[in-house]
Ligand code: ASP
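Take a look at this single chain in C-alpha coordinates; it is the form predicted on its own.
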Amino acid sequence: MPNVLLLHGGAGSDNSYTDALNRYANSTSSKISKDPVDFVVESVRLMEDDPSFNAGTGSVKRIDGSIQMDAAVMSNRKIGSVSAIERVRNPVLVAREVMLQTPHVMITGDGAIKFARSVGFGDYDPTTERTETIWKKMVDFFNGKEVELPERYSQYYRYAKIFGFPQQKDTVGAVARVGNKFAAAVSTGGSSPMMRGRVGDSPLPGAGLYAGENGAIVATGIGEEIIKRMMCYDIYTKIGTKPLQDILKEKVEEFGDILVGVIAVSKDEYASYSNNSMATGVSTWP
(Lines give C-alpha, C1' and ligand atoms only; values in the text may rest on other atoms or scores of the structure.)
Protein backbone atom coordinates (compact mmCIF):
# COMPACT_ATOMS: atom_id res chain seq x y z
CA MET A 1 0.00 0.00 0.00
CA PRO A 2 1.19 3.56 -0.68
CA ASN A 3 2.24 5.88 2.11
CA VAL A 4 -0.44 8.37 3.11
CA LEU A 5 -0.69 11.64 5.02
CA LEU A 6 -4.19 12.87 5.91
CA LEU A 7 -4.93 16.27 7.48
CA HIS A 8 -8.01 18.00 8.84
CA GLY A 9 -8.75 21.66 9.57
CA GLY A 10 -11.25 21.07 12.35
CA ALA A 11 -14.88 20.09 12.71
CA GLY A 12 -16.85 23.03 11.33
CA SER A 13 -14.17 24.11 8.83
CA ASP A 14 -15.54 24.50 5.32
CA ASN A 15 -14.22 23.21 2.03
CA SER A 16 -12.57 26.52 1.15
CA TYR A 17 -9.63 25.31 3.25
CA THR A 18 -9.18 22.11 1.26
CA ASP A 19 -6.66 23.62 -1.16
CA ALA A 20 -4.45 24.84 1.68
CA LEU A 21 -4.59 21.47 3.43
CA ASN A 22 -3.75 19.60 0.25
CA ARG A 23 -0.84 21.98 -0.29
CA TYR A 24 0.46 21.39 3.25
CA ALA A 25 0.09 17.62 2.84
CA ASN A 26 1.91 17.59 -0.49
CA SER A 27 4.73 19.87 0.63
CA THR A 28 5.27 17.71 3.71
CA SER A 29 5.16 14.40 1.88
CA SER A 30 7.87 15.60 -0.51
CA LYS A 31 10.38 15.55 2.34
CA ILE A 32 12.58 12.49 2.62
CA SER A 33 11.88 10.55 5.81
CA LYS A 34 10.93 7.09 6.96
CA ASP A 35 9.42 8.23 10.25
CA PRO A 36 5.68 9.02 10.17
CA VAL A 37 6.17 11.31 13.18
CA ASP A 38 8.12 13.71 10.95
CA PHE A 39 5.21 13.94 8.55
CA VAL A 40 2.43 14.55 11.07
CA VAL A 41 4.45 17.02 13.12
CA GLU A 42 5.57 19.05 10.10
CA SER A 43 2.08 19.24 8.61
CA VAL A 44 0.58 20.31 11.94
CA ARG A 45 3.33 22.89 12.32
CA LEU A 46 2.34 24.37 8.97
CA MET A 47 -1.27 24.61 10.12
CA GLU A 48 -0.18 26.19 13.42
CA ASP A 49 1.62 28.89 11.43
CA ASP A 50 -1.49 29.60 9.33
CA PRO A 51 -3.58 32.17 11.26
CA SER A 52 -6.75 30.89 9.56
CA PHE A 53 -6.78 27.94 11.95
CA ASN A 54 -7.38 27.74 15.69
CA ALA A 55 -3.96 26.33 16.57
CA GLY A 56 -0.64 28.02 17.27
CA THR A 57 -0.86 31.46 15.68
CA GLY A 58 -4.57 32.28 15.57
CA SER A 59 -5.55 30.34 18.70
CA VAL A 60 -8.67 31.68 20.42
CA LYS A 61 -8.53 33.52 23.74
CA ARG A 62 -10.01 32.26 26.95
CA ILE A 63 -12.51 34.21 29.03
CA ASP A 64 -9.69 35.91 30.97
CA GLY A 65 -7.98 37.00 27.73
CA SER A 66 -5.14 34.47 27.86
CA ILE A 67 -4.23 32.02 25.11
CA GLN A 68 -3.51 28.49 26.32
CA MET A 69 -2.87 25.78 23.76
CA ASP A 70 -2.81 21.98 23.70
CA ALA A 71 -0.89 19.64 21.40
CA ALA A 72 0.17 16.01 21.24
CA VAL A 73 2.13 13.53 19.14
CA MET A 74 1.79 9.75 19.25
CA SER A 75 3.39 6.85 17.39
CA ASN A 76 3.15 3.19 18.35
CA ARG A 77 2.50 4.05 22.01
CA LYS A 78 5.26 6.66 22.21
CA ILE A 79 3.55 9.86 23.33
CA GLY A 80 4.42 13.51 23.93
CA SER A 81 1.83 16.03 25.02
CA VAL A 82 1.51 19.58 26.32
CA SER A 83 -1.60 21.23 27.71
CA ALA A 84 -2.46 24.79 28.69
CA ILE A 85 0.88 25.96 27.29
CA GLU A 86 1.28 29.68 26.62
CA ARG A 87 3.45 32.01 24.53
CA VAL A 88 5.03 29.51 22.16
CA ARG A 89 4.70 29.50 18.40
CA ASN A 90 4.41 25.77 17.76
CA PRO A 91 3.02 23.66 20.61
CA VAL A 92 3.28 20.52 18.46
CA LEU A 93 7.07 20.90 18.34
CA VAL A 94 7.18 21.16 22.13
CA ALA A 95 5.02 18.04 22.40
CA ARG A 96 7.48 16.13 20.22
CA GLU A 97 10.35 17.19 22.49
CA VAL A 98 8.39 15.92 25.51
CA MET A 99 8.23 12.55 23.74
CA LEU A 100 11.91 12.55 22.75
CA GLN A 101 13.63 14.17 25.73
CA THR A 102 11.65 13.35 28.86
CA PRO A 103 10.35 10.27 30.66
CA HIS A 104 6.90 11.88 30.80
CA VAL A 105 3.81 11.68 28.63
CA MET A 106 2.35 15.14 29.35
CA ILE A 107 3.62 18.43 30.74
CA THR A 108 1.17 21.21 31.49
CA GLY A 109 0.84 24.91 32.32
CA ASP A 110 3.87 26.73 33.70
CA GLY A 111 5.90 23.54 33.60
CA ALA A 112 5.26 23.18 29.88
CA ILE A 113 6.36 26.77 29.28
CA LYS A 114 9.55 26.30 31.30
CA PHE A 115 10.30 23.07 29.45
CA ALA A 116 9.76 24.79 26.09
CA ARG A 117 12.22 27.53 27.01
CA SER A 118 14.77 24.97 28.25
CA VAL A 119 14.82 23.21 24.88
CA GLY A 120 15.10 26.40 22.86
CA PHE A 121 11.57 27.60 22.06
CA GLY A 122 11.42 31.37 22.52
CA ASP A 123 8.66 33.68 23.67
CA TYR A 124 5.87 34.23 21.12
CA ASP A 125 2.45 35.90 21.23
CA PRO A 126 -0.02 33.95 19.04
CA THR A 127 -2.73 36.65 19.18
CA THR A 128 -4.17 37.80 15.86
CA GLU A 129 -6.63 40.53 14.95
CA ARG A 130 -9.27 37.89 14.22
CA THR A 131 -8.99 36.18 17.59
CA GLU A 132 -8.89 39.53 19.38
CA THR A 133 -12.19 40.46 17.70
CA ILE A 134 -13.80 37.17 18.74
CA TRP A 135 -12.68 37.69 22.35
CA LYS A 136 -13.99 41.28 22.49
CA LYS A 137 -17.40 40.11 21.25
CA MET A 138 -17.48 37.57 24.07
CA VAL A 139 -16.45 40.16 26.69
CA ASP A 140 -19.06 42.62 25.45
CA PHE A 141 -21.72 39.93 25.70
CA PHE A 142 -20.84 38.97 29.25
CA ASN A 143 -20.49 42.57 30.40
CA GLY A 144 -23.85 43.52 28.91
CA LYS A 145 -25.90 40.95 30.80
CA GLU A 146 -25.87 39.36 34.23
CA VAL A 147 -25.04 35.78 33.36
CA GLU A 148 -23.10 33.00 34.98
CA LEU A 149 -20.36 31.24 33.04
CA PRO A 150 -22.19 29.32 30.32
CA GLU A 151 -22.52 25.56 30.28
CA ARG A 152 -20.42 25.60 27.15
CA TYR A 153 -21.81 22.59 25.42
CA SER A 154 -25.45 22.41 26.48
CA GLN A 155 -25.81 25.92 25.07
CA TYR A 156 -23.21 25.61 22.31
CA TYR A 157 -25.40 26.51 19.36
CA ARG A 158 -26.89 29.61 21.05
CA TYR A 159 -23.43 30.98 21.77
CA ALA A 160 -22.20 29.91 18.37
CA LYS A 161 -24.93 31.99 16.78
CA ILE A 162 -24.08 35.03 18.91
CA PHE A 163 -20.32 34.89 18.43
CA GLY A 164 -20.14 33.48 14.92
CA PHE A 165 -18.32 30.33 16.04
CA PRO A 166 -19.42 28.19 13.06
CA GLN A 167 -16.73 30.09 11.13
CA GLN A 168 -14.19 29.43 13.89
CA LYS A 169 -12.19 26.33 13.12
CA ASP A 170 -11.42 23.83 15.84
CA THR A 171 -8.53 21.42 16.39
CA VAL A 172 -6.10 20.73 13.53
CA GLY A 173 -4.62 17.29 13.15
CA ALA A 174 -2.79 14.78 10.98
CA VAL A 175 -2.39 11.02 10.69
CA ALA A 176 0.17 9.17 8.60
CA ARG A 177 1.15 5.71 7.44
CA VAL A 178 4.76 5.41 6.27
CA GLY A 179 5.82 1.87 5.50
CA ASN A 180 4.23 -0.18 8.25
CA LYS A 181 4.43 2.56 10.88
CA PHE A 182 1.76 5.01 12.03
CA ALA A 183 1.67 8.40 13.74
CA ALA A 184 -0.83 11.03 14.79
CA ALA A 185 -0.45 14.68 15.81
CA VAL A 186 -2.91 17.31 16.94
CA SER A 187 -2.89 20.96 18.02
CA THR A 188 -5.56 23.37 19.21
CA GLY A 189 -6.19 26.74 20.77
CA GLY A 190 -9.20 25.27 22.50
CA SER A 191 -12.78 26.46 22.21
CA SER A 192 -14.51 29.68 23.15
CA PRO A 193 -15.89 30.63 25.57
CA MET A 194 -13.77 28.59 27.97
CA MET A 195 -12.23 28.97 31.41
CA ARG A 196 -8.52 29.33 32.05
CA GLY A 197 -6.98 25.92 32.65
CA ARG A 198 -9.59 24.03 30.63
CA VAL A 199 -8.11 21.02 28.80
CA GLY A 200 -9.99 19.36 25.97
CA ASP A 201 -9.55 16.06 24.22
CA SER A 202 -6.64 17.02 21.96
CA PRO A 203 -3.66 16.27 24.25
CA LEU A 204 -5.21 13.18 25.81
CA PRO A 205 -4.12 9.82 24.33
CA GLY A 206 -7.13 7.68 23.54
CA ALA A 207 -9.47 10.67 23.39
CA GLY A 208 -8.10 13.21 20.91
CA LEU A 209 -5.58 10.92 19.24
CA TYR A 210 -4.27 7.38 19.21
CA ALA A 211 -1.63 5.53 17.22
CA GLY A 212 -0.49 1.93 17.46
CA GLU A 213 0.70 -0.92 15.29
CA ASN A 214 -2.66 -1.13 13.44
CA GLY A 215 -3.36 2.51 12.63
CA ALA A 216 -3.70 6.13 13.75
CA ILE A 217 -6.72 8.27 14.58
CA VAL A 218 -7.31 11.96 15.36
CA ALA A 219 -10.58 13.50 16.59
CA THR A 220 -11.97 17.04 16.43
CA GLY A 221 -15.07 18.67 17.87
CA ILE A 222 -16.60 19.06 21.32
CA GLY A 223 -13.70 17.92 23.47
CA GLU A 224 -15.56 17.04 26.64
CA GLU A 225 -17.86 14.67 24.77
CA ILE A 226 -14.95 13.08 22.89
CA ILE A 227 -13.18 12.46 26.22
CA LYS A 228 -16.24 10.80 27.76
CA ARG A 229 -16.27 8.28 24.92
CA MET A 230 -12.47 7.86 24.58
CA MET A 231 -13.27 8.17 20.92
CA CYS A 232 -9.94 7.51 19.23
CA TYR A 233 -9.08 4.41 21.23
CA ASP A 234 -12.61 3.13 20.73
CA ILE A 235 -12.16 3.47 16.97
CA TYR A 236 -8.71 1.88 17.15
CA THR A 237 -10.11 -1.25 18.77
CA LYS A 238 -12.58 -1.62 15.89
CA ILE A 239 -9.99 -1.43 13.08
CA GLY A 240 -10.23 -4.52 10.86
CA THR A 241 -13.76 -5.45 11.89
CA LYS A 242 -15.33 -3.63 8.92
CA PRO A 243 -14.35 -0.96 6.34
CA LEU A 244 -12.64 1.98 8.04
CA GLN A 245 -15.12 4.50 6.59
CA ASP A 246 -18.01 2.54 8.11
CA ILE A 247 -16.33 2.48 11.53
CA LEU A 248 -15.84 6.26 11.51
CA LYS A 249 -19.39 6.92 10.33
CA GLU A 250 -20.85 4.66 13.01
CA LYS A 251 -18.84 6.25 15.82
CA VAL A 252 -19.47 9.84 14.74
CA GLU A 253 -23.18 9.28 14.39
CA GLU A 254 -23.30 8.07 18.01
CA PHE A 255 -22.74 11.73 18.96
CA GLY A 256 -26.02 12.86 17.40
CA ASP A 257 -25.92 16.63 16.78
CA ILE A 258 -22.84 17.17 19.01
CA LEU A 259 -20.13 18.58 16.73
CA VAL A 260 -17.46 15.96 16.02
CA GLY A 261 -15.23 14.67 13.24
CA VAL A 262 -12.42 12.15 12.81
CA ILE A 263 -9.64 11.13 10.43
CA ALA A 264 -7.89 7.75 10.45
CA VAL A 265 -5.45 5.49 8.64
CA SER A 266 -5.02 1.73 8.89
CA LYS A 267 -2.70 -0.74 7.17
CA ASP A 268 -4.69 -0.63 3.93
CA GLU A 269 -7.17 2.27 4.21
CA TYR A 270 -7.60 5.92 5.12
CA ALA A 271 -10.86 7.74 5.81
CA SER A 272 -12.51 10.82 7.29
CA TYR A 273 -16.01 11.56 8.56
CA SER A 274 -17.79 14.43 10.34
CA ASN A 275 -21.36 15.32 11.23
CA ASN A 276 -20.59 18.86 10.05
CA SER A 277 -18.36 20.36 7.41
CA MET A 278 -14.68 19.43 7.87
CA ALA A 279 -11.93 20.42 5.46
CA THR A 280 -9.36 17.69 4.79
CA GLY A 281 -6.21 17.35 2.72
CA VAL A 282 -4.37 14.23 1.64
CA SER A 283 -1.17 13.14 -0.04
CA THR A 284 -0.12 9.64 -1.08
CA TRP A 285 3.25 8.50 -2.42
CA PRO A 286 5.11 5.25 -3.11
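Predicted model only: the values in this text are computed from it and were never measured. Position 1 is the first residue in the sequence shown; the rest follow in order.
Keep in mind that the form predicted together with this ligand is not shown, yet the notes after this line are about it.
Q: Can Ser81 be called a contact residue for this ligand in the predicted complex at 4.5 Å between heavy atoms?
A: Close contact is absent here: in the predicted complex, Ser81 is far from this ligand, nothing within 4.5 Å, heavy atoms only.
Q: Does this ligand get within 4.5 angstroms of any non-hydrogen atom of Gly190 in the predicted complex?
A: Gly190: contacts this ligand in the predicted complex.
Q: So in the predicted complex, does any heavy atom of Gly223 sit within 4.5 Å of this ligand?
A: Yes - in the predicted complex, heavy atoms of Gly223 and this ligand come within 4.5 Å of each other.
Q: Does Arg198 make contact with this ligand in the predicted complex, using a 4.5 Å heavy atom cut-off?
A: Yes - in the predicted complex, heavy atoms of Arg198 and this ligand come within 4.5 Å of each other.
Q: Where does this ligand sit in the predicted complex: which of 214-222, 24-32, 45-53, 239-247, heavy atoms within 4.5 Å?
A: Selected range: 214-222.
Q: Who in 258-274 is close to this ligand in the predicted complex, meaning a heavy atom within 4.5 Å?
A: Counting only heavy atoms within 4.5 Å of this ligand in the predicted complex, no residue of 258-274 makes contact.
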